[in-house]
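Shown below, as structure tokens, is a lone chain in the form predicted alone; questions about how it binds or moves come after it.
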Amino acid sequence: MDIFIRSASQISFQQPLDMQWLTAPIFPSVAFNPPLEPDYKQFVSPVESRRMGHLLKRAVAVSLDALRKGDCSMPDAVISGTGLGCIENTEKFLNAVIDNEEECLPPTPFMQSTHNTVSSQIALKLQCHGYNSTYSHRGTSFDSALLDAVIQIQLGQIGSALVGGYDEMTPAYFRMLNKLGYWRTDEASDVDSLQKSGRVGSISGSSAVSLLLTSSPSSEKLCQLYGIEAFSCFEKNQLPAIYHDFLLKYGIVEADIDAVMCGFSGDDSNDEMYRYFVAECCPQSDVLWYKHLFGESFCASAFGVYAAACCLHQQKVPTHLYYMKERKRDKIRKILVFNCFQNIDGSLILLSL
């Protein structure tokens, strides 16, 4: 059964709810990059807004925006991926536990600290009573949510799904990870330094991406979701076999892949697997990246799928998305998104025109 990405929306440190990053990207120069917030009044009332954390407001905004762009009033399912859920609300609740000596604790931060509150809040806002699920699988959370949506559509259980990837970065959480060497120093966070091998750390980002998947084609669709495969506990030298089995499963050959979108982040331990995959599996394909535009987070792979879908729809890959091997192509037909988390869990997501 054919599955299509009809529309998509994002909030990041690029212009929110917009594809302006394709032509006028914002390049960060520091490691901590909070997102640019849109005007939430068009999505939630002031009363609702006061009781919602930042991540919840972003999730609702990108979901409603994706539905509007896809001309869909009600999806059959709401499926989300999040690595850590609403960290801001978790911090508020834990601080209240300490400050109030475990007495008279506010219930709202506690309720909104649960991981599945994002999908629930979206469903409540839409009054959607269909399939609702949340995946919290660290760096493959979004990939798992996307895979579930595909399976549900293929089984005929649903005809459309709102699939999202949501994570946030707070100053306190950033400082904690910074002590573990996750981030670049401020003076070494520019794009050129992220492409140099042998470096440690990356730049942070917050994830808020929503895709509308449907089983029915539309002239306004972004692209087709041609295939998806998730795998874990693999060795580096197993990647070529995994890749070729994936091509065989979907009846295509290596030459059909015009570009591969990889999660290069600038951290050498993260990028080693991507460099191996490109060299051994896709030597003839253009190599693209996206984390220099959207930052690193547990659900950053959602931006990879989003960016690849936009490029297919526009039939143009902007220069700033090329990591290496830029070629002039008359037509871009297929882009493969490869995601790998800590060299343990991975996924292959193939998008087609």
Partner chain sequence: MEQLIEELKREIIEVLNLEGMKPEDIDENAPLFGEGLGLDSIDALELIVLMEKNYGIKLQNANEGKEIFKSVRVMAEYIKEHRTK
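These numbers come from a predicted model, not from an experiment. Positions refer to the first chain, counted from 1.
Beyond the structure shown, there is the form predicted in complex with its partner chain, which is absent from this document and is the topic of what follows.
Inset, instruction - Counting non-hydrogen atoms within 4.5 angstroms of its partner chain in the predicted bound form, say which of S269, S232, Q195, N100 makes the cut. - result: For this set of options, the contacting one is N100.
Legend entry - Contacting member of Q157, T108, Q238, N116, with respect to its partner chain in the predicted bound form [4.5 Å, heavy atom]: The option sitting close enough to the partner is T108.
Legend entry - R51 within 4.5 Å of its partner chain in the predicted bound form, heavy atoms: Heavy-atom contact with its partner chain at 4.5 Å: present for R51.
Inset, instruction - Please check if K57 has a heavy atom lying within 4.5 Å of any heavy atom of its partner chain in the predicted bound form. - result: The answer is yes: K57 has a heavy atom within 4.5 Å of its partner chain.
Inset, instruction - Decide whether C104 counts as a contact residue for its partner chain in the predicted bound form under a heavy atom distance cut-off of 4.5 Å. - result: Yes, contact at 4.5 Å.
Legend entry - Region of this chain that lies against its partner chain in the predicted bound form, out of 61-69, 281-289, 306-314, 43-51 [heavy atom, 4.5 Å]: The contacting stretch here is 43-51.
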